[in-house]
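To begin, one chain is listed below as structure tokens, in the form predicted on its own.
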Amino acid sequence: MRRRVFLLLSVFTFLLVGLGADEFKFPLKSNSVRFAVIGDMGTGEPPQYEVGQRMVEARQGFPFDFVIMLGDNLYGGARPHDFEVKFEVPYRPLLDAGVKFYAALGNHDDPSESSYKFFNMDGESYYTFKKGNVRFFVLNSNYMDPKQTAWVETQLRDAGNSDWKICYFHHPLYSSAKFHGSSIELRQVLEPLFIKYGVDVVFAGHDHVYERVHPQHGIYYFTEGASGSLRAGNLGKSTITDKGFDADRSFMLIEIAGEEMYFQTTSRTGAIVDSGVIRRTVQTKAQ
């Protein structure tokens, strides 16, 4: 069984250009899965707080239930004060509203963060959880040892083919950013499993930019590593980039309604920098 995913790019891009980005609308369907995406945010500096405020404002019209975190959650240590000023304060209105955060570990994170209650990792550096018709696989890309690789394959295989499969972790398999770029060795380990077991979408951080990569082997890759830190002008010219933004901090909003995934990327100032729809179809294919 192989799940194939198609981005409505030829039609949808025309609509965005012809109508303007402000015409993009989330369907807000009942029982849809709605969440936000942030990465490399834990600086404790004003831009992180400003992104947090934009998220609070966005939730008034787009009531997302949870947030996935792509690593580098706390720069500079994991003391109680760090958790307070680099996480609890900037996202306090969301936490008070019952929004849950599900963290992945980045290279600047202390492994002890996995036991922090608001990161919902239950002491594990990699884990899985399910929301509606979406199964999330949270990986620790700092240490992709054989034990974790075997776990990834087992979890992806056992998840079957009826739900969306979304993986997220810190180091991007594909990136056009000049500072880090693609994690080739990690790609060699993970991509064959993603292809074999029909992963639909992958989110990563690490490079402090936003990038939507042209589908690779039917899989959609997003980098969102600019929710607190930023490397302005760091995106290089690349044939794999469908859309990039490296002028300011950003975050993503996602709604999965049935076989469609609607996404919107918003800057720190509230500008919409990318949006679109991914449509998934399930097809049988001989192994």
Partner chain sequence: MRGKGQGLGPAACLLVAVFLAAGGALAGQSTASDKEQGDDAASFKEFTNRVQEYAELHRTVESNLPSLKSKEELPEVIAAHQQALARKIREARPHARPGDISTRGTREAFRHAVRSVFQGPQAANARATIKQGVPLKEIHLRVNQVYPDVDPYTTVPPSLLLKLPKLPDEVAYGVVGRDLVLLDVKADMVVDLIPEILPED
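Treat the numbers as computed from the prediction; the structure is a model and nothing was measured. Positions refer to the first chain, counted from 1.
We do not show the form predicted in complex with its partner chain, though everything after this point is about it.
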(message) Using a 4.5 angstroms cut-off on non-hydrogen atoms, would G98 count as touching its partner chain in the predicted bound form?
(response) no
(request) Report whether the minimum heavy atom distance between Q216 and its partner chain in the predicted bound form is within 4.5 Å. (result) no
(request) State yes or no: in the predicted bound form, is some non-hydrogen atom of K165 no more than 4.5 angstroms from a non-hydrogen atom of its partner chain? (result) no
(message) Residue-level question: is T154 within 4.5 Å of its partner chain in the predicted bound form, judged on heavy atoms?
(response) no
(message) Given the stretches 155-163, 90-98, 128-136, 186-194, which is the single one in contact with its partner chain in the predicted bound form, using a heavy atom cutoff of 4.5 Å?
(response) 186-194
(request) May I ask whether D110, K147 and G181 all come within 4.5 angstroms of its partner chain in the predicted bound form, judged by heavy atoms? (result) yes
(message) Going through 192-214, which residues have a heavy atom within 4.5 Å of its partner chain in the predicted bound form? Please give them in sequence order.
(response) H206
